[in-house]
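Only one chain is given next, in structure tokens, and it is the form predicted alone.
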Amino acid sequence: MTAPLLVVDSLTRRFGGLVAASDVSFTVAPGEIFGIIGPNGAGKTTLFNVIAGHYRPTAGRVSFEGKDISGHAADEVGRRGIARTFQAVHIFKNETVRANLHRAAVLARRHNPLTWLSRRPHATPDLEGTAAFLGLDMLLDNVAGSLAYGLQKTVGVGLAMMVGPKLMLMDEPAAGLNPSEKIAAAALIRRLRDERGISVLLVEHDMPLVMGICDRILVLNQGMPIALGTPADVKSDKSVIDAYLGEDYEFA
């Protein structure tokens, strides 16, 4: 049996008297697209921030490829092979697409200058190949901030890809996109897994997208897990319907 890529074990994060995430456990397998859903304030972003190294867990642990990364800084988490995209566009808007991707590659090497190639030969950044994969090859010399919003989010995915990740954390990849852009975003997430071998852990409110691409889904409510299973399991779970979806929710 293949070992999990990511293990989140009994993870809790408190901010003073507020418990933002409470006793959350799940695994992400190599090659899996795993979704996290729940109402606003359910603890989804907090969980992402702990995994990505922005917050230390109050209790519990996070392991990646069998190594404990609980409380490691974000740059160390990145060196180990976890990259992240953001709900809002986080790119260098005044620079070209080419310069954006080049910056990401340089920063990735700078964080690990001596052992980048020896430790992770698969992760050698390929700017031209990444741009072609994302459909940005004809836009490399365009200023990134001049692109349509959906393409700016694609550039953000490119920045994450230049780290050479094994796992990509995607925070609301469909946020702000129109229907056709959401279809393209879903296709891109599948291609990241199928063509680049990148496992994906995503937080998303767009239920048709989540149900259409995720292998398994974790549902959080008020910081606590209330369901974990396949899309079919989750959308028929009464606790999920009561806490989040509602009785009259319809999936496209």
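Fair warning: this is a prediction, and the values are worked out from it, not measured in the lab. In case it trips you up, residue 1 is the first one in the sequence shown, and so on.
Below, we turn to the form predicted in complex with a small molecule, even though it does not appear here.
Only one of Gly60, Pro208, Pro39, Gly31 comes within 4.5 Å of the small molecule in the model of the complex through a heavy atom, and that residue is Pro39.
In the model of the complex, the small molecule stays beyond 4.5 Å of every heavy atom belonging to Ala232.
Taking the partner from elsewhere, Thr46 is found to have a heavy atom lying within 4.5 Å of the small molecule in the model of the complex. The closest heavy atom approach of Ala20 to the small molecule in the model of the complex falls within 4.5 Å.
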